[in-house]
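For reference, the chain that follows is the form predicted alone, supplied as structure tokens.
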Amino acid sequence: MDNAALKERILGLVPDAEYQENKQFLTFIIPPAKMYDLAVKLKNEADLAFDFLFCLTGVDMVKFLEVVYHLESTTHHHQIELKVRTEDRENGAVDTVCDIWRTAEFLEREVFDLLGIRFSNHPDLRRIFLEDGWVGHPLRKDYVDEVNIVEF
């Protein structure tokens, strides 16, 4: 399946997804409520077969927090990028995909720890890098730590 057909296939699965022009990946902004169902289809439907989550990260875009997923089909050799946004900076949450791609379990914990995005139904959502008593999320643009941050 070429990129044009893949784009139409994904937009057919989630008609309210937004396609974002990107030179490297086919990029889609997915409504949070549709992400989990889409992820199941992307992995399990034979013509898609996205069996490899090779990157999951979080981004603070100031007005919203975003989770970015990079997926690859090792069978069909195509790649896509999915973005899910949450405008609720204090209680931002998206559904976990760690039951679909096991690599997400660790990566979702990292995003939770450093940005504070919660992953609903995650089996072990707790800090992974910072101490349990740490206050705040250091990768947020509004994070302030008078003791540990060095400014130039």
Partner chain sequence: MKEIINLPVKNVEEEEYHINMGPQHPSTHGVLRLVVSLQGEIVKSLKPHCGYIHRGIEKMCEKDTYPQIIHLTDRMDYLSAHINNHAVCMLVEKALEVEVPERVTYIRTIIDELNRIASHQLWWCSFGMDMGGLTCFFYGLRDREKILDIFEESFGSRLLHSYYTPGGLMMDIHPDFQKNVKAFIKYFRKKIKDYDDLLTGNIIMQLRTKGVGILTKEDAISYGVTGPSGRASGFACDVRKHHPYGVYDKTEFKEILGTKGDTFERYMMRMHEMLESMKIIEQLIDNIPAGDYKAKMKAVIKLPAGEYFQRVEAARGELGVYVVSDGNKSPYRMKFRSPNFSNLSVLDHISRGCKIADLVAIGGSLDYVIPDIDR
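Remember, it's a predicted structure, so these values are computed and weren't measured experimentally. Numbering follows the first chain given and starts at 1.
Omitted here: the form predicted in complex with the partner chain. The next part is about that form.
Check: Pick from Leu125, Val59, Leu38, Ala93: which has a non-hydrogen atom within 4.5 Å of the partner chain in the predicted bound form?
Finding: If I apply the 4.5 Å criterion carefully, the residue I get is Val59.
Margin query: Is it the case that Leu107, even though its partner is missing from this view, gets within 4.5 Å of the partner chain in the predicted bound form, heavy atoms only?
Written below: Result yes; Leu107 sits at the interface with the partner chain in the predicted bound form.
Next item on the list: Indicate whether the partner chain has at least one heavy atom within 4.5 Å of a heavy atom of Arg140 in the predicted bound form.
Entry: Close contact exists here: in the predicted bound form, Arg140 approaches the partner chain to within 4.5 Å, heavy atoms only.
Check: Using heavy atoms and a 4.5 Å limit, would one call Asn121 a contact residue for the partner chain in the predicted bound form?
Finding: Heavy-atom contact with the partner chain at 4.5 Å: absent for Asn121.
Notebook entry, point to check: Looking in the predicted bound form, any heavy atom of Asn44 within 4.5 Å of the partner chain?
Noted result: Close contact is absent here: in the predicted bound form, Asn44 is far from the partner chain, nothing within 4.5 Å, heavy atoms only.
Note to self: For a quick check, can you give me the residues of 100-138 that have a heavy atom within 4.5 Å of the partner chain in the predicted bound form?
What the structure shows: Ile100, Trp101, Arg102, Thr103, Phe106, Leu107, Glu110, Leu114, Leu115, Asp124, Arg126, Ile128, Phe129, Leu130, Pro138 sit within 4.5 Å of the partner.
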